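Below, in structure tokens: the form predicted alone, a single chain.
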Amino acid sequence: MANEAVKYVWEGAIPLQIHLHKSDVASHPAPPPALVLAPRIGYLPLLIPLIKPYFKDSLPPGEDSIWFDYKGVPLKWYIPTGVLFDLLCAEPERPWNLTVHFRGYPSNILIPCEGEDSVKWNFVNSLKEAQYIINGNCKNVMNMSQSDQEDLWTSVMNGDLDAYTKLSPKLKMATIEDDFSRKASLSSPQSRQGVTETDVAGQVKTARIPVRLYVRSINQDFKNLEDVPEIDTWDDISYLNRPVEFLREEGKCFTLRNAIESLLPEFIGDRAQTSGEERSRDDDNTEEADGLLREMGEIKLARIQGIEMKLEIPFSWVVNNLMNPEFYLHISVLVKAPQR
């Protein structure tokens, strides 16, 4: 039985209000917007079978090339819908107002999309990448039968967690132990008898975690999320597709903060701060600390699956509960840029 956090991920949805772009309106009056509940783990092109029939009587003749934008920014169809929302709406907007276009595909910005087939190819390719990062090869994905691959993809499209849970063990992805459950298990007499010598000795354990990090760097400081400037172009966002080298040593907790900072040395430096509490720990060196903070970046917000994360949460819990079905952890980060 899947735990509550994983259920939250699979059941998560975003209310969309989708407007037909005025250049595609061939009827009078223009049609009202379509209201759609979009799965967080889904992809915008998978909504086309719902949206196209709604707008079909208002469309001009011609061949369709469907794409979406948010406030003029074309939306990358291969990024999960929930990640797009977390990234582009610092202050969550509900319903999320998107515009759909049936003409004028911006091929200079978006890679071509042939509907569901392209989305499925992207999903399977990401699954192969993730397995290579985790296991060192992708043979289990390659060796899945065609019917199992189809069923796995169908479970994601339909948001069917039970079907996915039955099929995903065939991928034989290596896992990391959750620090919370590990502490609980080690407290029982039965598990203490089974602890290995290397565990007792505090051996460092490592794992490679597939992470896609989306970073927005803001020059000016802000107090409220509604004060964050709107994104004008994808050039405002840095995209990092790097594995996190997960390190766990007995007595130490590898946190989400550790993971993000390991991926962002160019933004954060070696001693990132995310709250005023840390700044006040050394009252004798306040001026020096303030100067150091100005030279470094500051993580203002980290969002995963719509959750504004506490950075001290164990990274193992995040990995085991908030990953997307293709075994990537998608993290949207808002960083106050360092002063140079």
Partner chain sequence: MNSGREVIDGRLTVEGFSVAARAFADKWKTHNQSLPPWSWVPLINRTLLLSNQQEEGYLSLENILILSSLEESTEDESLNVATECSEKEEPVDHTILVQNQENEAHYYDFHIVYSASYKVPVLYFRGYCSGGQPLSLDVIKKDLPSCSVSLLLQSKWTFITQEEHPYLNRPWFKLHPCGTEDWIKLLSQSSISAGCQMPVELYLVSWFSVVGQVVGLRIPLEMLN
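Values in this document were obtained by computation on a predicted structure and should not be read as measured data. Positions refer to the first chain, counted from 1.
FYI, the form predicted together with the partner chain isn't displayed, but the following is about it.
Contact with the partner chain in the predicted bound form, defined as a heavy atom within 4.5 Å, holds for exactly one of Ile109, Met173, Val228, Ala163, namely Ile109. Between the partner chain and the residues Glu116, Asp148, Glu245, Glu93, the one pair within 4.5 Å by heavy atoms in the predicted bound form involves Glu245. No residue in the set Lys71, Pro314 and Val319 has a non-hydrogen atom no more than 4.5 Å from the partner chain in the predicted bound form. Across the options 257 to 265, 82 to 90, 149 to 157, 96 to 104, residues that bring heavy atoms within 4.5 Å of the partner chain in the predicted bound form belong to 257 to 265.
Within this chain, Gly136 lines the site of the partner chain in the predicted bound form, having a heavy atom no more than 4.5 Å away. Contact between Asn224 and the partner chain in the predicted bound form is not found at the 4.5 Å heavy atom cutoff. Using a 4.5 angstroms threshold between heavy atoms, Tyr328 counts as touching the partner chain in the predicted bound form.
Contact check for Ser168: every heavy atom lies farther than 4.5 Å from the partner chain in the predicted bound form. Counting a residue when any of its non-hydrogen atoms is within 4.5 Å of the partner chain in the predicted bound form, the hits in 117 to 154 run Asn125, Lys128, Glu129, Tyr132, Ile133, Gly136, Cys138, Met142.
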